[in-house]
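The chain that follows stands alone, in the form predicted alone, written as structure tokens.
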């Protein structure tokens, strides 16, 4: 079901982007206007906040809407985690917010890192927890009215994927050595004639894995928003209020589904990152 929704919304996004490229106004492309990044915080019909523009050595490093909410997610994460860590200094028995976050921390440690990485998983738990909670906070912030989903920006998901890629490759080389790591990419027992082919396939696979991580997170977080706006737009496209109950009901259903997807995508990214790290570190398995 999710794959079908993603495919349909991807087609809708492609068609709308063609209209944007053709130079049509914001009014005719209001769906992509709310989904894509922008140089302002839009709180219409109340007010707008224009974000500052910066450049360094000719490179545009301006603050955008997605950057603001990415910083906000990071700030909330830092504040809450400091609060959680301090509460353990007072008592080893978690209460309130600490108890809530401990459930996720233990889940990532015992149900994701330990089974997929195995021996030595403890050193990777901090990175996996950081990735999990950062994605989770960005995803849920995107469900708040007038906000933006930073993980619906391909630059953000690509950076997260590159981080997992670097952790995977560096960890594999540290454990097995540079030569031993690349030698271990080819499975044991492969016929000599297939070794050149398998070596190329496995080498390409090193890069397709993080690419899949970036695209999966980006597509799923963008798809739901596009579908919600598209369903609401049916009221105006058909120019009748009679379609409003059905349109709003379906949009509400997709919104509730987005809550599940927000949590699910954080889990999938963390689980796959952990799996790739485990495959690189313990190549004999």
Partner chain sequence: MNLAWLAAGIGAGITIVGGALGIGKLAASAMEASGRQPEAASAIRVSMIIAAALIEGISLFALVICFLLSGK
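Positions refer to the first chain, counted from 1. It should be emphasised that the depicted structure is a prediction, and the values quoted were computed from it without experimental measurement.
Another form, the form predicted in complex with the partner chain, is not on view; read the next lines as being about it.
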*Among 233-241, 215-223, 51-59, 247-255, which stretch has residues with heavy atoms no more than 4.5 Å from the partner chain in the model of the complex?*
215-223
*asked:* At 4.5 Å between heavy atoms, is residue 262 in contact with the partner chain in the model of the complex?
replied: no
*Applying a 4.5 Å heavy atom distance criterion, does residue 32 contact the partner chain in the model of the complex?*
yes
*Can you check whether residue 211 is within 4.5 Å of the partner chain in the model of the complex, heavy atom basis?*
yes
*How about residue 266: is it within 4.5 Å of the partner chain in the model of the complex, going by heavy atoms?*
no
